[in-house]
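Here you get one chain, nothing else, as structure tokens; it is the form predicted on its own.
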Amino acid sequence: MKKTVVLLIIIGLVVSAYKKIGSYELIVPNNWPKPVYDFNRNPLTSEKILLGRVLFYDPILSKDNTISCSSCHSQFSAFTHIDHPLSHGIDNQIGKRNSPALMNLAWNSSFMWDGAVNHLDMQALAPISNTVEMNETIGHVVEKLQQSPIYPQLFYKAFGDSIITGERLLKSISQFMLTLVSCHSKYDSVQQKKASFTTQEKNGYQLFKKNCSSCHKEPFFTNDQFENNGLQVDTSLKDIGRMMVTQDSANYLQFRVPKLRNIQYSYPYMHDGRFAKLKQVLDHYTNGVVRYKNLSKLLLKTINLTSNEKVDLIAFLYTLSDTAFIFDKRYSYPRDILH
């Protein structure tokens, strides 16, 4: 009898971690806030998610059919890239920024390092049309998909007819990206009372809450805001951050506060990938911050960390690693469709 009760409780906990969105069960932990994305305007279905997944991995989205979304957003690095600091596009062109890791996007109110895109359904347009990245037009992508031997059928299964449009293409890519939910790290297990931190991780967590949590708020480990975090200007890139979007000097060198989940896998760090290791990031915040006029108010007070405390803090950050997310086959290259 006791075993039956325990089993029912466990089943209840598992089921409560999912919420019905359209005809698809999206992972939404109970202690997380409601997603920002409006699913009523784009209800999730397994067929549309599959279509979006295939499109995500297909270089057909680029002008010369060489660059896909996954070229800069690899699953094994938390959907960013780790082989070079700056994104690479067609014709071996090099961009100005490191690609952000993709996860938990249903809770984002804007996208890109500078917030230039304010809706996930429009996000894919930015890399597709960027001359350094994919250098393509949405109209020409639609033409190529219409001539493809696989896409008319995939669109038929997803939408009930084989009509291919730019809107359907973009919403399908959104659907796949919306399913990229990372919530199965050791940190999450600790919060659910299913695991415990080591002494080192526990000390690191306390240091994190004292020094980092104002910008990197739980459970997403970002505040979804833009901050000037005191980085030296890269004079070769001349990237002024969010000021490029707003034309307001108050936004000079402000960049999105990145999510720290899976940070173990998503190096190099910062908007331009200047730091290869987490220790370099912590060294910046303890003794490398440039005191700009619009420096984040959260960094006005000097952060003091000993070498041992930095090690403990990194140990905690590693508890944000979600191997289930990194190796989830639902997010992987669709080999059975793309050859």
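Residue indices: 1-based, along the sequence shown. Source: prediction; values computed, not measured.
The following text describes the form predicted in complex with a small molecule, which does not appear among the structures shown.
Exactly one of the stretches 189-197, 209-217, 158-166, 139-147 approaches the small molecule in the predicted complex with heavy atoms within 4.5 Å, and it is 209-217. Using a 4.5 Å cut-off to the small molecule in the predicted complex, each of Gln123, Ile263 and Val281 places a heavy atom inside that distance.
This chain lacks the partner; the member of Ile27, Ile60, Leu299, Leu50 within 4.5 angstroms of the small molecule in the predicted complex by a non-hydrogen atom is Leu299. For the options Trp107, Tyr205, Tyr252, Tyr269, the one in contact with the small molecule in the predicted complex, meaning a heavy atom within 4.5 Å, is Tyr269.
Of the heavy atoms in Arg242, none are within 4.5 Å of the small molecule in the predicted complex. Remark: Ser68 counts among the residues lining the small molecule in the predicted complex, judged by a heavy atom distance of 4.5 Å or less. Of the heavy atoms in Pro152, none are within 4.5 Å of the small molecule in the predicted complex. Contact check for Val181: no non-hydrogen atom falls within 4.5 Å of the small molecule in the predicted complex.
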